[in-house]
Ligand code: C5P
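The chain that follows stands alone, in the form predicted alone, written as structure tokens.
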């Protein structure tokens, strides 16, 4: 159960410095299943930071949200495979053809090279987007309709799952079934929830709702004892999985 819980915890390496990233990986590797490398850190440090995580025994979620013409995204995805990342994502709004071509080229590369296929995720609608945001770009459908629609599109293309907020997990489960992966950002553990936030989703709530993995950053990095904070989060995940 403990290993299962660890694999469900993704730490967000939201730093702009290689040395800081290295310090966090060294400190948390025993408690964290994956380390999320996003646009800021990857732009600053490049593939070197991915290799650093791997050399220290960690796995990488490459969070670059590829969104371009099908050929460009597919080629970028193959390069992510060559880096040996455990997980990467694209924007589902890139469309069915983009995602299908990406799956085809990743599958072909992995088969030819004898490597394991990364977990392929699609971002549906960014958690920062509101109904007003969508209307501003010409999408007149509500978020509650767009998210499961795009998740189903990703599944039909052969993707393994999506990145989504906890409040959308039920909609995605209904559209895509139980085997579809849902990686959830914006989760705050119960011990970090006593602040001015009006809506808090705990690891227990997110896992109980059906999330398969949680992306957590500041509740660990800003804690007085990050290792203790990570251990408490793992305990919350374990408790939710045991229900």
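Numbering follows the first chain given and starts at 1. Quick caveat, the model's predicted, so the values are computed rather than measured.
Just so you know, the form predicted in complex with cytidine-5'-monophosphate (C5P) exists too; it's not on screen, but the next bit is about it.
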item	value
One residue of 34, 62, 216, 207 in contact with cytidine-5'-monophosphate (C5P), assessed in the predicted complex (non-hydrogen atom, 4.5 angstroms)	216
Single option in 229, 9, 21, 12 placed near cytidine-5'-monophosphate (C5P) in the predicted complex, where near means a heavy atom within 4.5 Å	12
Listed range touching cytidine-5'-monophosphate (C5P), judged in the predicted complex by heavy atoms within 4.5 Å, from 66-74, 183-191, 22-30, 40-48	183-191
Proximity of residue 100 to cytidine-5'-monophosphate (C5P) in the predicted complex, heavy atoms at 4.5 Å	no
In the predicted complex, residue 133 touching cytidine-5'-monophosphate (C5P) (heavy atom, 4.5 Å)	no
Residue 115 within 4.5 Å of cytidine-5'-monophosphate (C5P) in the predicted complex, heavy atoms	no
Non-hydrogen atom contact residue 144 with cytidine-5'-monophosphate (C5P) in the predicted complex at 4.5 angstroms	no
Residues in 126-140 with any heavy atom within 4.5 Å of cytidine-5'-monophosphate (C5P) in the predicted complex	127
